[in-house]
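Each of two forms of one protein chain follows alone as structure tokens, named structure 1 and structure 2.
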Structure 1
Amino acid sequence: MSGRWWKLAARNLGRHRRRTVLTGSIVVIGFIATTMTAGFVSQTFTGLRDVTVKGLGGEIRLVDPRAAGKTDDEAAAFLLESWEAVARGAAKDPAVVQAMPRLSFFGLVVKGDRSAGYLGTGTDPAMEQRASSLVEAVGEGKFLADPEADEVMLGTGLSKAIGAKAGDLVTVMTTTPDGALNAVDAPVAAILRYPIKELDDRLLYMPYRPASRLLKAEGKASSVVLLLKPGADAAEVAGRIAESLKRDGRPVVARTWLETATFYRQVKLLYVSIFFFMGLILATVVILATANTMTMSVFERTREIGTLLAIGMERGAVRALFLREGMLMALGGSVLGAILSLLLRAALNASGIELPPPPGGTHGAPLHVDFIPLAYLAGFVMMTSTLLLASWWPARRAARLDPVEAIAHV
């Protein structure tokens, strides 16, 4: 008997093609909007994640246990002893691609009679090129090459503040951990165009070994940054490495990129909130449009409904008939929406459209709408739920009609 009611519901939709096409179009557009938005947001998160990880130099940072609970600035004061042994221990994990030292320091950089404060980083040039996006930020000169050379890279804002350009000689001054003042003369290897102005005005990079000599901190590092293989779970690897180093007598605190990426978390929360708000608006539009269409259907079919009630159809069956019609429209619209969404996704991904750079990025990336199976499932559930909800009130009204009055309706 149930199959016959589904056939009757389908036949009713076929008899009212214009109304069915109108309502189905709303479902199709709603489904496409849901899946395409989810795919675009996913791409945005991926791009922002890549920019964040490259900015940090890797997915995991190993710092001294005394730095636990401290901010990045506070943690820089606690240096890891024998960072090379820590790096070798961490590199034993199969998920680790490389373990790179970083040494944080600050002070004044001087050229002639002009000076400015800087935030310095000592790093391994070859590893830094592999792990970060700094190479793409070079606007003048060449990236650091010799790990033993006393040379620096300056942010554009910092170079302008002291009037330096690539090839000029500057004096880098700093305070060592024991409070002594030290300085070194170093040529400017490159000028960096960093996308964040606050950092661009203070940024200074130097090879790790000259930086450690400048700070009189040979063999020490502020952190060891780990670059992982694609797809590796940073939190799982961090826990595994921390436990392994602890057993070897070298306790460290392992921080994942997500723990320190406050900006990434804030942007992601903002996007999720926007997506949720758009979903509520979309669901409301679908409900109102469908409810209006179904209500008009009840008015136009009043005599038909009265006849069905007069020949003995139960009121619950009349209500179920309208709900079945709503369900069929949701199913048909979702299937068509899924097909069109996949085709539109393929067309956009092949279009070569270039997106602007994400926050903190230096260059854009080709448009790529991700395929999110969960979004297609969510679109189906959303469209089905809204169609059933929109059909419920008209179905209830149809089931409560008086047969005599309904048959006499004009």
Structure 2
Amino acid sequence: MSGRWWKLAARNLGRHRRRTVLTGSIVVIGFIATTMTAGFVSQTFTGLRDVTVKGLGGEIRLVDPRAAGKTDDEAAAFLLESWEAVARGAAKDPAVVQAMPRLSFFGLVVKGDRSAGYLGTGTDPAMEQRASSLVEAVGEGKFLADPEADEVMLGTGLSKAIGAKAGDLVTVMTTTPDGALNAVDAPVAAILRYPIKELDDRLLYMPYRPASRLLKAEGKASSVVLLLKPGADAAEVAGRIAESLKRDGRPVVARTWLETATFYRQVKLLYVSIFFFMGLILATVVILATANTMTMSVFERTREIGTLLAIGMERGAVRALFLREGMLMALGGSVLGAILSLLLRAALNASGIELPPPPGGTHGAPLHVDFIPLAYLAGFVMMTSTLLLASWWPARRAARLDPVEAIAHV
């Protein structure tokens, strides 16, 4: 029954084609902007997530319960007693790809008569290569290879501070948990170009075993970092593993990458705020343009509205007629916007445009706009609700016209 009213609404939109096309274009552009921005932001989040997870070496970090909530300096005293047992327990979970030890320490690195403070990390070279982006940061020399070898990788800033280059011999000094001083001579395997300067000035990596010997903490680790299979829910796996290890008598605190990635959360919040603000501006533009079109339409059709009321059309039906016109414009604009958005996305993804690295990243990536079905749905809902809102007042005005005055309108 209502098909005839939709048909009439569609024909009414065709009365002033140019005006309808102009208003419809705003809807189309709004829809494209919404879906493309969502796709681009999604890609940025994915890139940022990868950078963050690779920076941490995995999605989940297991630490001793005593170290939880402490600063790195404070936590350094609380090591996991048997990291291998913890790793074995965690690796039983089907979502875990690998469990890697990390040993944090600090002290002085010396070359000749020059020394500088460092923040050291003992790690498994093979697992580190697999899980993190550190290998991409090697600027000079080669990544750590032998898990037993006394060798180090230094940040560029740190290497400059002591005048070391790849192949040079340096002395790594530290204090053991018991308070004793210990040192080891180690050749520089590689110089790293780390993207964050503050870390680049202090960064030192060495294999886990020599690091644990240096600290006199064999078998112990500051943390065990878990790399998960793609698509695994980190929070769910973390809860499962913490529970399982607790049952095994090895309580740990399992923290996901998201809990520790303050930078990621801040960047995401910033992007979401920008996206929301942009959406607000878009909605305002669409509302103003549509309200203007509808108001003009009501004004031009005043006599006709008077006639409709006179021959017995109820006020609610008059209002519904104008709202249908708004709905149709939203629907048409959204469908066309979706088609154009998909075409534009395909063209951009095929263009090979290179983007700068995401915040904290070292390498750029080709432009890729993700397909987010939810964004298309959101775009449709946003356009429809916006146009309904914009049409409401003109439609209400039309429905409240006095038929006698409306028929006499010139």
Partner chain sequence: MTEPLLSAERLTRVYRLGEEAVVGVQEATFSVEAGEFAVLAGPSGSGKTTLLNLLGLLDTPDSGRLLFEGRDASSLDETSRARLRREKLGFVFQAHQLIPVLSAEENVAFALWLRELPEQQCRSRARQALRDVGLEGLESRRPGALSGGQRQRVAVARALVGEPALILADEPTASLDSATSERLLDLFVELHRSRRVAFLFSSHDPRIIGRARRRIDLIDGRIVSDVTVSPAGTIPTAAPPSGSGREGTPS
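Keep in mind that this is a model prediction, so the values were computed, not measured. Take the two forms, superpose them, and find the largest set of C-alpha atoms that agree within 1.5 Å; that set is the rigid core. Numbering for residues begins at 1 and runs along the sequence of structure 1.
- Here the form predicted on its own appears as structure 1, and structure 2 shows the other form of the same chain.
- Put the two forms on the same core and the Cα of residue 319 is off by 2 Å or more between structure 1 and structure 2.
- On a core-based overlay, residue 396 has a Cα shift of 2.6 Å between structure 1 and structure 2.
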